[in-house]
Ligand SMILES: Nc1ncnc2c1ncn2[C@@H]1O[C@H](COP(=O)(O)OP(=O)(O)O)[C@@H](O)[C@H]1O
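Before any questions on binding or motion, here is one chain by itself as structure tokens, the form predicted alone.
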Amino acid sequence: MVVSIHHPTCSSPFLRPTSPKNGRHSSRKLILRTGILWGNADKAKTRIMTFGSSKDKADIDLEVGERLYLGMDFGTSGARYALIDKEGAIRAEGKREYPLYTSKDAADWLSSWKMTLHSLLEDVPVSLRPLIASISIDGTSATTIIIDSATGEPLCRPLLYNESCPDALPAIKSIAPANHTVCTGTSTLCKLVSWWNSDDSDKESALLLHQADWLLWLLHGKLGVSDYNNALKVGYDPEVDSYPSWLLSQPYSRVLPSIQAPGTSIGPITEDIRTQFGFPKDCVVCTGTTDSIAAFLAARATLPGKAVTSLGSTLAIKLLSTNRIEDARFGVYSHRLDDKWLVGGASNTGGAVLRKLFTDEQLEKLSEHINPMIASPLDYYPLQAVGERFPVADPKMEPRLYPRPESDVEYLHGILESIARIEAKAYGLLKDMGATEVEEVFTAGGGAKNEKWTKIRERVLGLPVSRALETESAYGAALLALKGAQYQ
């Protein structure tokens, strides 16, 4: 069946039309959203049969010569892809959980991410792959990979986004400006310096990449390219578009990657990947961004005062501001977004804590019995492990999830409300520091689906809170791919 849908034209690659509620075809691996672009009736169209699995199929009408744009999101627990057209309509999407590999008694994250990347590419409908003009990827912020610049082989295990290296803080604080973004144990620079000071391997050929950089390298084959969103926590200054002199004067500065704007074409996809998956010869790979920024782009929050809270495994907030705010004492930093700034931070509270305590089914059933208009008297600070990044930067902060009441409904209510209070404290802190005052909050991530939690947050924040039209970071990455194709 072919579904005809009207998709209004977007004036910017970062804006998209409202997603249609019809025209979705579900399968075990992916959801296909189909549509015909309304426009010149004389334009030729061709019908393409796509297969989501051996049992599921969908007809898609496409204009002759139409191109598509692929975005992939590598989050904390799994990965997704979104395939969009030039109007921003989603043509296919899917998700994968990370397979668990072990190497020397530790999780082999590189093998897991590479396998997931290939799985997502295989999940893209075969008949749509020849139409893909560009690809971009977002990854977790401050996830650090140090490789051999000649071979691409890792020189150590990946240092994940939430890992802290406080041993490097004294050295970094002695060279960086006071309260700079890098002056926190989880920063990319702390991870680099900690490795530099403790590892005995040959550092002459070392090269630092972020998670998104490394995954993109597997597609384009050019080592040493990053974007200024991912590079912020290694010390890159997006306001002047360069690494600062205090960083370049350090011996480890030679391992830093070259930087481009997010959504910049790096080069064509490698011949191996192209032939393996059936991409066209002119398909290009574009620089990516972080997962929370991709979620912000997907949410279409385009005016100062608009904010996005990503409720995934962790809680990340991004507020569009006319002012740049940086203060490592509170885990606050600003990412550049064209001529404005995305001010915010990421807390270690969030959905991962809930997943340790409740199943998805329990969360859904217990939430039904919560009255969101009544404040919970329970005062928690829900963390999965010791350590917090924002709105308090304290690597020694202990989780606080007790006392636990007899009622699971009351317990869940208290946790949801406590996370909402952390969110409110975060937005209040940004205002006190000089950022544009938040006026409206859009929600992305899995927590956006919980309507009771949304009502609780709306009451605690004192602001309108709604689910973003697009809640997936993969959609934001696809917008970057579209941007990169337009500005080749």
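The numbering used is simple: start at 1 and walk along the sequence shown. For clarity, every value in this text was computed on a predicted model and none was experimentally measured.
Not pictured, yet referred to below: the form predicted in complex with this ligand.
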The unique member of Ser313, Thr144, Ser321, Ser226 whose heavy atoms fall within 4.5 Å of this ligand in the predicted bound form:
Ser313
Would you kindly say which of Thr76, Ser194, Thr116, Thr270 lies with a heavy atom within 4.5 Å of this ligand in the predicted bound form?
Thr76
Can you check whether Leu363 is within 4.5 Å of this ligand in the predicted bound form, heavy atom basis?
yes
Exercise: Gly351 in contact with this ligand in the predicted bound form, heavy atom 4.5 Å
yes
Taking any heavy atom pair closer than or equal to 4.5 Å as contact, tell me whether Lys449 reaches this ligand in the predicted bound form.
yes
Is Phe442 a contact residue for this ligand in the predicted bound form, using a 4.5 Å heavy atom cut-off?
no
Testing 304-312, 245-253, 218-226, 164-172 against this ligand in the predicted bound form with a 4.5 Å heavy atom criterion leaves exactly one stretch, namely 304-312
Mind checking whether each of Arg96, Phe296 and Lys483 has a heavy atom within 4.5 Å of this ligand in the predicted bound form?
no
